[in-house]
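A single chain comes next, written as structure tokens; it is the form predicted alone.
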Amino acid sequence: MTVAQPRADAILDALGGVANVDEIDPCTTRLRSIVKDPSLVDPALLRAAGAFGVMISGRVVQVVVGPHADTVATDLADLM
């Protein structure tokens, strides 16, 4: 059984949309993002999109997506 790759479009929506995201970078198994308004981030939607975990500290949102982090980050860059 393989693990499905998280969906970039759903992750972007759960982060509050393109207008809310200042930066997204892959970091091993995570996506590290800086958002304008953390209150627009929906952790439940991030998990529904395939995230294993979500950590929010101020404007920094880390989304644990597993070994697909680089691929998801590339997909997110294409959407933005």
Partner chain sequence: MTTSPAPSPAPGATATPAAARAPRGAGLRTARGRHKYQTVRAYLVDLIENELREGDAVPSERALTERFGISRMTVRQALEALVADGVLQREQGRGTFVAPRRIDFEMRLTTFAEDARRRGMIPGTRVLDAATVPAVPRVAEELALKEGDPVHRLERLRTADGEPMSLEVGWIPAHLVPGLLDDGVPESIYGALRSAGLAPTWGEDTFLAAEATDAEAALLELRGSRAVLRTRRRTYADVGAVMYSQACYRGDRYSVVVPLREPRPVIVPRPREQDEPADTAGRTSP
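What you are looking at is a predicted structure, and each value in this text was computed from that prediction instead of being measured. Residue numbers count along the first chain shown, from 1.
If you look for the form predicted together with the partner chain, you will not find it shown, but the lines that follow are about it.
In the predicted complex, at least one heavy atom of L45 sits within 4.5 Å of a heavy atom of the partner chain. Residue contact check for I56: none of its heavy atoms lie within 4.5 Å of the partner chain in the predicted complex. Although the partner is absent here, V64 is a contact residue: one of its heavy atoms lies within 4.5 angstroms of the partner chain in the predicted complex. Taking non-hydrogen atoms only, P26 approaches the partner chain to within 4.5 angstroms in the predicted complex.
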